[in-house]
Each structure stands twice: as C-alpha cells, then as structure tokens.
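As a starting point, one isolated chain is supplied in structure tokens, in the form predicted alone.
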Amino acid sequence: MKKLQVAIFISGRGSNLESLIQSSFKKKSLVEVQTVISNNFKAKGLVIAKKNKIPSIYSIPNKNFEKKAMKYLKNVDIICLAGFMKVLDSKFVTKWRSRLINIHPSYLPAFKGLKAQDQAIKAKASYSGCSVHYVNSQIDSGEIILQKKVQILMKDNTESLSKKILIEEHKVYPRALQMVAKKLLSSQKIR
C-alpha cells in the first residue's frame, strides 16, 4: 500500500515532531515522514529528525519562506505544522487546502493565537485542551479534525497546564494525521 508523504514544519523543540515520526513507523501507518523543514536553524527538532533518519531536513529563514519551501514539497501529500511559529501566506495556504494541518494547545474555538495556556489560566476556565485543525487564512480557525479536553485544576498554572496538554497533543496529532491520510486516500486527493 502506498504511504502518503508528509512534510513537517517546525520552529522549536520538536516534541510533536517526535510523536508524528514515531507514529509513522508503525506497521499500519498510512504516512511516511519525508522531510522536516524549519524556519529556525537552531530548532532542536532538526536534531530529532536527523536522529530518526528523516532523509531530507532543511532550514529556511522566514524571508520568502513559502517560495523556498515549495521546491522541497514536490512529492509531499500532507504538511503538518508542529510548533511552527510563522503565519503562512494565503497563497500557500490555499494551494495546500485540505492537506495542511496544525495542532493548537487549546480546545478551539477558545484561546486562539499565542500563549493559549496562559489565556486559559487567566480566564479561569475549567478546561482547555488541544485541537488539530486544517489551516485556513485565519489564525486557528480552520475546520477541526480532532480535539481532546484537559481539565484545569485550581492548582494549575501555565506551566503545569502546558505539560498536561502536551501529553495529549502527542496522542491526538498522530491520530488526526492518520485520519487526514485515510480521507485523502479514500477521496484520491493525492498528488
């Protein structure tokens, strides 16, 4: 069975990258991580990619990022944003519609944008969570693929909530990626 080729865009430590790579190694996986692209040449995730023998790893600065990234995406079917801290331009997002996904550390539509965990703590919310969604031209507003709630306890602070959410992200993101791959394979919306 043909596996869909995945590119993962990162900016930082790569913990979600690691969970996506490990999930792709499973026998029943519908995807293979083909390339990792970062807009930060110091991203720790690049080391994780190399350690896991991802064949193509690139670091591209933010200036003209989308244009430069396109040359590495010729055989890619799905792009995952995993801690990628750059807003992609609308032309790029439109080109990859229904094949560009992101994970966000809140139970969307609540707490969009940066510092979502801090927003949840300050709002005294009873829960937050994580959401995998399709990327569109609005920040954290695309169609939701999969979510997981995380209870916020009175003793929680931004750091403890972030840790609880990250544990769930590592479970939810690989499952959501498999769901997207299955949908693309069944609809033949692959390159």
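The first residue of the shown sequence is 1; numbering continues from there. Everything quoted here is computed from the prediction, not taken from an experiment.
What follows is about the form predicted in complex with a small molecule, which we do not show.
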{"property": "Heavy atom of R99 within 4.5 Å of the small molecule in the predicted bound form", "result": "no"}
{"property": "Close approach of L166 to the small molecule in the predicted bound form, 4.5 Å, heavy atom", "result": "yes"}
{"property": "Close approach of S15 to the small molecule in the predicted bound form, 4.5 Å, heavy atom", "result": "yes"}
{"property": "Interface membership of M85, the small molecule in the predicted bound form, 4.5 Å heavy atom rule", "result": "yes"}
